[in-house]
Ligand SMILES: NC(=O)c1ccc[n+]([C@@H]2O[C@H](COP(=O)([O-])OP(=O)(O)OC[C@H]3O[C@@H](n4cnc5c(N)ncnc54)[C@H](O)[C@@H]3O)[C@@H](O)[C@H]2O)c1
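Encoded as structure tokens, the following chain is the form predicted alone, with no partner shown.
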């Protein structure tokens, strides 16, 4: 898909991986819609990129419907969705504080997995109405999973389940939407330098980076953004999950 003069919604676009994708898309001539609960950062990023910020809770049906209703006002079209909204927790099934909270497990599944699907289904409804390009393409969806979907560590039951669900639904959704010319691809990043890791001490961050075979460092959000943009531009990539991890395979802890 040609990026210039197309519009893209980025959930979780106020910071981290989502903000990096928004910046790269903007640099290539796209219009960006930042969807996030973080209004302060979201407004700043949207202003920087001459885009739109729409406060959005991906777990709420009406909130996501409002997102795409606002994004397509005045005849505007939305051609792509980048799903980066998500959270992570660390909690053992049975630990020092007792049994794993069902509420926290449900919250992670609700935001990471159900929230991703919620955005996909509403976006797809709008994308089916886009005019197809020469390939017959009307839209593209890029999801964010994690290598935890494949090698979840101790304390990652909820997170791994949510990210594994994204991997599992990628192919069937791509097949569902193929008739409309809408592609669906998932990126499974390894250890990336995001605000989540920014809370860790420098020595811990350095140790994490050294676990990566090559390059032995944390991934950069710009590298995630570069892959997302390539996926958008390469029409043959569809129904696939791509690991972006420097060849790391996570140990149990």
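Positions refer to the first chain, counted from 1. Just so it is clear, the model here is predicted, and its values are computed rather than measured.
Here the subject shifts to the form predicted in complex with the named molecule, a form of this protein not shown in this document.
Using a 4.5 Å cut-off to the named molecule in the model of the complex, each of 84, 192 and 196 places a heavy atom inside that distance.
Checked against the named molecule in the model of the complex, the residues 59, 27, 216, 69 give one hit for a heavy atom within 4.5 Å, which is 59. Contact check for residue 144: a non-hydrogen atom falls within 4.5 Å of the named molecule in the model of the complex.
In the model of the complex, at least one heavy atom of residue 38 sits within 4.5 Å of the named molecule. Contact annotation for residue 14: at least one heavy atom lies within 4.5 Å of the named molecule in the model of the complex.
In the model of the complex, the named molecule sits within 4.5 Å of a heavy atom of residue 159.
The chain is drawn here without the named molecule; in the model of the complex, the stretch among 98-106, 72-80, 174-182, 145-153 whose residues come within 4.5 Å of it by any heavy atom is 145-153.
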